[in-house]
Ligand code: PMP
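Next comes just one chain, in structure tokens: the form predicted alone.
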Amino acid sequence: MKRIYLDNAAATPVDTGVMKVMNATVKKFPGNPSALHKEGVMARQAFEGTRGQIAGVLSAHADEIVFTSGATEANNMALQGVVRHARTQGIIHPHIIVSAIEHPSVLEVARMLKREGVFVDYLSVGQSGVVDLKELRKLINSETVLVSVMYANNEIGTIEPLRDIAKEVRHARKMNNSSYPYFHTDAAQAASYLDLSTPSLGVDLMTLSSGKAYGPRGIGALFVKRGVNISPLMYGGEHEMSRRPGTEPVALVAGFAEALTLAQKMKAKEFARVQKLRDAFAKAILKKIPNSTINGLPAQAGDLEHALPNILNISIPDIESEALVIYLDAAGVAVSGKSACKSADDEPSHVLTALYGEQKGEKASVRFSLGRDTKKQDLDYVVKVLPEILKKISIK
């Protein structure tokens, strides 16, 4: 049976060109980049070259790129790092603002910080999935050290207005005559389809993931703008400008740089191609399954242009998400019931709860996330098998 992979928001396959770059790097640069011998110096040169390559993609400086093990660590570094440093500046009970639909690697950190005495506010979203800028303006106060709003949501694909948020943050700094608050965005889902120019977006910190952009897993990065101060999470070395200790993974970073460069070159063409597939797929499902609904901005706007082109989150009445995921898997189709990082628990999606309230947030949903390998015939097959599967698992 041919497998149809529609879970690219959880993890993308590694691009073959990226794998070639990684294999060549492993063979050519065996040394530790911190070593003084020839092999170490060559590895260091290669490593810093890829750092510069990624910085170029972001229109950033090389010393603004801090490599991590992935987006989860980068999000932890941003939130905890800013709060810890703020406390060294005499802000005993810092205040942070995060959106209600952030990835668990932001929300769980916020909950932990709250237990440690940090004041946390959750920025609400309407059924569109977009944050309320007026509410943000009201929530920012003189103790606010960080605003964290993701670039594009991993469950419903909604793209947030980063430039407008950045304006609010800059206005607050001016009014408070302070370098705070900083503005952080989790851009893990954005690299394959959206602009990553940090000056244009107006961000101070930005999280990136290689494993969501057809690169190797186990590597990510945090953009930290010059002048932004964060404290390290770990100790034991002076790597990454004393921000993150550990021997640098030269081959992983080389693969990450190649993947990110390739993704940004392809983004306009892929956005149009995948959006066309997704739009037709959405219409076919809505027609075939009359009571189905699209979750997020598209359901409100009547079109799908203001969301990532590859994510389609559908609710279907009288079914359980887990059952639908399992039956689709048996039919050769890989999808998610909700965020892969939370799919093992029994709690309703926090994103849908934020959109519709607790009761409606518990409605079953499935996320189809398309990718570079997705073809029209793949989606036609899903539309064909879906009605028969629903007959088997309906709980009505």
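When you see a residue number, it is the position in the sequence shown, counting from 1. These figures come from a predicted structure and were not determined experimentally.
Another form exists, predicted together with the named molecule; not displayed. Remarks below refer to it.
The partner is not drawn, yet in the predicted complex one stretch among 68-76, 256-264, 127-135, 167-175 has residues with heavy atoms inside 4.5 Å of the named molecule: 68-76. Listed residues Met150, Leu308, Ile96, Met206 were compared with the named molecule in the predicted complex; Met150 is the one with a heavy atom within 4.5 Å. Note on contacts: among Ala188, Val118, Leu146, Ile156, the single residue with a heavy atom within 4.5 Å of the named molecule in the predicted complex is Ala188. Proximity of Arg244 to the named molecule in the predicted complex falls outside the 4.5 Å heavy atom cutoff. Residue contact check for His103: one or more of its heavy atoms lie within 4.5 Å of the named molecule in the predicted complex. For the stretch 267-295, the set of residues having any non-hydrogen atom within 4.5 angstroms of the named molecule in the predicted complex is empty.
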